[in-house]
Ligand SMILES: Nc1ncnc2c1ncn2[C@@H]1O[C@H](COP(=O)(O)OP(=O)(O)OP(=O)(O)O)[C@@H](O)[C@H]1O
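Here we start with a single chain on its own, the form predicted on its own, put down as structure tokens.
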Amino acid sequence: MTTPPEIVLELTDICLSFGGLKAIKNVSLTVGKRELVGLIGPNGAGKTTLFNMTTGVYCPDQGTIALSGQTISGLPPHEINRRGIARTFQNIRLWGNMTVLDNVRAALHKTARAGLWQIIAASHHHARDEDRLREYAREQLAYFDLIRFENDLAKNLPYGEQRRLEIARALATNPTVLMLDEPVAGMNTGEKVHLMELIKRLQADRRLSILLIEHDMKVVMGICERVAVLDYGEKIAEGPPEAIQKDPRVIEAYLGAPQTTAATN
């Protein structure tokens, strides 16, 4: 029997309402150490809302969210990021008029050792710190095969490279958990394959735990070890990809009617 991985991220009975609308209803979910978990469901199921609660955009009405055993519910986004959760967004949120390199450098501010007065004084210490951050940012770009674009404006990158840059910027903060919101949205088939390979490589090389929202089922079934399904704010299924594909509740949620006959190829 396989031993389950150590839990890194744990959501327990979380709920969130907007006025009279219950957006999330008693959802519990875990992500283990170095585990890649998929979160799927029809449009409006509550997936991004769950991401927003986990990263501090919203505070749960009830329930708890814990990172490495420490409660983070209600903390502001920058503090949750400092503690080890980084995310990307469904709609790319790069600083378009900054260079590719500066997009990554800007994410490194929390690691800078120089204090405010040293920065004001442009001290030698601050200069060394800036050199260190610049080289670290360039290392991140090299890993993502983006170093050739380092001096280009982010808005001028091809779409696939913008997606990779957003992930590079998130990882610059050295998180424990990486949350990806529809990372292959808008990509062509070749770009999707390359990004799938990159996500698996990140999981292995960086020892990351990854929670992934995605509508492309080939991506979800191809890289996720476990999949949870939301529908109308409730978790209706969870398990390995092959079981989720056959779950009648999942089929009904996506197709809008119970599955009565077996699908054929």
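This one's a predicted model, so the numbers in the text were calculated from it and none came from an experiment. So that there is no doubt, residue numbering starts at 1 and follows the sequence shown.
The next section is about a form of this same protein that is not shown, the form predicted together with this ligand.
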Within 4.5 Å of this ligand in the model of the complex by heavy atoms, the stretch out of 36-44, 217-225, 193-201, 60-68 is 36-44
Contact check for D13, S28 and I80 against this ligand in the model of the complex, heavy atom at 4.5 Å = no
Indicate whether this ligand has at least one heavy atom within 4.5 Å of a heavy atom of Q90 in the model of the complex.
-> yes
Give a yes or no for A253: in the model of the complex, does one of its heavy atoms lie within 4.5 Å of a heavy atom belonging to this ligand?
-> no
So, in the model of the complex, is D102 in contact with this ligand at a 4.5 angstroms heavy atom limit?
-> no
Contact test in the model of the complex: E161 vs this ligand, heavy atoms, 4.5 Å | no
Go through 185-209 residue by residue and record those having a heavy atom within 4.5 Å of this ligand in the model of the complex; state none if no residue qualifies.
-> none
